[in-house]
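First comes one chain, alone, set out as structure tokens in the form predicted alone.
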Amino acid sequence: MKLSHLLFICIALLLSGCESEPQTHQGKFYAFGTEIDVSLYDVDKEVANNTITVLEEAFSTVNNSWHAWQPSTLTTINAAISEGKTIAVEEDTAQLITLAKTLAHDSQNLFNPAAGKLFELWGFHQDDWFESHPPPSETDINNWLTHQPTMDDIHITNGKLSSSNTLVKLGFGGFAKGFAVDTAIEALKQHGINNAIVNIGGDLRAIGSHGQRPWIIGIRHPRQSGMIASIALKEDESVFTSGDYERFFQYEGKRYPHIIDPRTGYPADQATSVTVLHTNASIADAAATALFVAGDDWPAIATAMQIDKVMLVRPDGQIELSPQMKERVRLIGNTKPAIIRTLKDSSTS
């Protein structure tokens, strides 16, 4: 059963009356390799607790279905691609892959879910990726670059998936969290839960408000403890950040983060974090990765992806903001004046 259908059915069964005094009910669980926090405001306590349990089960199901290296729907598809075979896919699977194709196209393939073999070369498609190990050889990277797998190599016709490039290896880590958050939020909204946050490892989507005040969230500083900024969210918005500080390994004194530039085959190094504010969590998730990779060209890629609220932090601590993000973000403790970047091109104002 699709995640959305499961959530809609279960939450409908759980909803009941409200308490006289609105309260915030919180729950935590673990999926996608990180902690997920759910906050529900103005909902009956029993309903809140049961709803959080349903969400935990649903997130675990999505995680298990799209795991990049443990046995899953995704590994089955990738095995067929590597053997040059056609494979039948369910409608919801086809929809997810089609969304990935659209996001990849809009990002000029800087967000590239077909690049799983490149991430595998770097050791990030395994549970012990954090352990020190040599980076891949230049020969292996150049071989991957020669074949340049992209989502354009994926074809779905009448429920059958095939690929014209056997080096395609799908990995949806760059937007699966956003997709799961979107699905969860839509299920909550469909059944009358209108004030909530679903936070997955610091990335989130929030709806409604916390009573008379908005949901206010902090953005982690990529190099120091604490927050670099905060944002007061409006009604229904997502905040996703891609940073080089969560998944990386070190070898012979050099640090190798997990955000790989598919144009070079090496880790992107022009940013330490990129935060995107958008109504859709899937788009925000993919865009944060693409803009991190884009570096100096992030305004042009943001325009192509129809993203207008961006904050990028450079390795030297310099903060760059789109004009629309400048109006929304409150910087905390920064010492350098932020640079405002137009989204029409790559010029700096």
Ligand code: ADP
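Remember, predicted model here, so these are calculated numbers, not experimental data. The first residue of the shown sequence is 1; numbering continues from there.
Another form exists, predicted together with this ligand; not displayed. Remarks below refer to it.
Chemist: If contact means any heavy atom within 4.5 Å, which of 259-267, 230-238, 184-192, 212-220 contacts this ligand in the predicted complex?
Modeler: Result for this chain: 259-267.
Chemist: Does any part of residue 174 reach within 4.5 Å of this ligand in the predicted complex? Heavy atoms only, please.
Modeler: Close contact exists here: in the predicted complex, residue 174 approaches this ligand to within 4.5 Å, heavy atoms only.
Chemist: Taking the shortest heavy atom distance, is residue 125 within 4.5 Å of this ligand in the predicted complex?
Modeler: Flag for residue 125 set to yes.
Chemist: Would residue 247 sit within 4.5 Å of this ligand in the predicted complex, counting heavy atoms only?
Modeler: Yes, residue 247 is a contact residue.
Chemist: Taking heavy atoms only, is residue 113 within 4.5 angstroms of this ligand in the predicted complex?
Modeler: Yes, contact at 4.5 Å.
Chemist: Can you work out which of 43, 55, 293, 305 has a heavy atom no more than 4.5 Å from this ligand in the predicted complex?
Modeler: Selected option: 293.
Chemist: If the criterion is a non-hydrogen atom within 4.5 angstroms, does every one of 119, 203 and 242 touch this ligand in the predicted complex?
Modeler: So, yes: the whole triplet contacts this ligand.
Chemist: In sequence order, which positions of 58-92 have a non-hydrogen atom within 4.5 Å of this ligand in the predicted complex?
Modeler: Residues within 4.5 Å: none.
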